[in-house]
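Listed next as structure tokens is one chain, alone, in the form predicted alone.
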Amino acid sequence: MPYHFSSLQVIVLAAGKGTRMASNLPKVLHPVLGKSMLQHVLSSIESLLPKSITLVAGHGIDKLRSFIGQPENLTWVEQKEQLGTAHAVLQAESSDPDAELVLIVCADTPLLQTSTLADLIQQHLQQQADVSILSAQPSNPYGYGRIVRDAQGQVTAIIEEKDANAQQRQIQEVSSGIFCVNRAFLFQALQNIGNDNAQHEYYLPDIVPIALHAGKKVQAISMDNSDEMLGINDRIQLAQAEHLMQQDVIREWRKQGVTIEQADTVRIEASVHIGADSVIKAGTQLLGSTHLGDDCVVGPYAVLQDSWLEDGITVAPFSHLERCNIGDDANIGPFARLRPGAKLDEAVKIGNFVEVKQAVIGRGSKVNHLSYIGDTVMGEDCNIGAGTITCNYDGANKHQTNIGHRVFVGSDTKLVAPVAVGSGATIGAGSIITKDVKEDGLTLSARPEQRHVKNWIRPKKGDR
């Protein structure tokens, strides 16, 4: 469903140091299924099509800037002292004064969905509320601020865990930390918040009693799935979020016609695409921006990283593909390695223990066994024998091998680049090719004379 909240300013709180992550990397840059927490949150926000996004950062702001860059409608604001969430929001007061509505989210909630945020905003507008809180009822509310309601069910306060008494800690409804607030009231209220609490911080939820005292309308809107509000503070919670997201990703691909075997052993990252009727076997990892077409079979235990595969491709067990492009009906592996820059046309066969790097291999060509093809352009319908090596490196520079169409290369051949092989050529087994090979015909390089040594005895293990 498309959204467009043209008067909305979104404030993203990303200033926390994340001490419990025990890392030099800012907390919100830690990845969840291949994308940082912050990227997940920004993606959900951008789908709302807001008027503007303000990112409040503090610890590691330079690393965040370097990682995220400068999207068109994003403004950076620095919180130099971490004095609490209310103080963080206050830093964004001047970033978009023409907005009418403010959505406040935390950058460490990567499971948050666009539809959940849109529902909060729509209900805020429909109910003509001044403050709307996104709440939830998790099975374990520990650590979250409790939503306190009166006998009529109206919200009266949000009490943080550390400030709550025993009775308040029994409340199951909690605040997600996500607020939708009318902008004019928000920044007026923030000026009046104190820090008389256990942490001596300025809490954003303290706008609730201020709003109620001023006769403003406050409501809490409960989300359907409390997992979405999971905030990540340590690597245990990071693993929990990744597990939950992986379950959702696998469920969605199954709905779209993908077979995933032994799903608890499979990793499919968030930016991966899989076509219908494809089969992902046990232990397989689909990473980064990998695109898999229709009717593909991958694995078991194959790894695909940032690679583009068309339709009808088989990637056999224990193959590793990284930043490569594969045409329709190709067959890869088992135990094949395609390194960055490998480009395979339709119906190419790459067999066991073959490595391909920075090479184009034409339609229908085969490299079946124990070979290395690097810095090469190969034509169509070639057959490369076992043990063939393109010797592309002279110790200082890489050189290219050019192979025409319908070339047959015998086993254990060395092609010493730079060298070209004409179309239709046949190269005898064991050849070392240092000069260009003419089209058609048979080419043999000089070989030592075969000798037989009579009465020779093979050494035994341990002999000296």
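Remember, it's a predicted structure, so these values are computed and weren't measured experimentally. Numbering starts at 1 and follows the sequence shown.
Only in words, not in the display: the form predicted together with a small molecule, which the text now covers.
Considering the small molecule in the model of the complex, the lone stretch of 336 to 344, 281 to 289, 197 to 205, 372 to 380 in range is 197 to 205 [heavy atom distance within 4.5 Å]. Annotated contacts: Q79, A88 and E160 all touch the small molecule in the model of the complex [non-hydrogen atom within 4.5 angstroms]. Screening N233, Q154, Q188, Q137 for any heavy atom within 4.5 Å of the small molecule in the model of the complex leaves a single hit, N233.
This chain appears without its partner; in the model of the complex, the one residue of S176, S132, S319, T388 with a heavy atom within 4.5 Å of the small molecule is S176. Under a 4.5 angstroms non-hydrogen atom cutoff, the small molecule in the model of the complex has K27 among its neighbouring residues. Although the partner is absent here, P209 is not a contact residue: none of its heavy atoms lies within 4.5 angstroms of the small molecule in the model of the complex.
For W253, no non-hydrogen atom is located within 4.5 Å of the small molecule in the model of the complex, even though that partner is not displayed. Although the partner is absent here, I384 is not a contact residue: none of its heavy atoms lies within 4.5 angstroms of the small molecule in the model of the complex.
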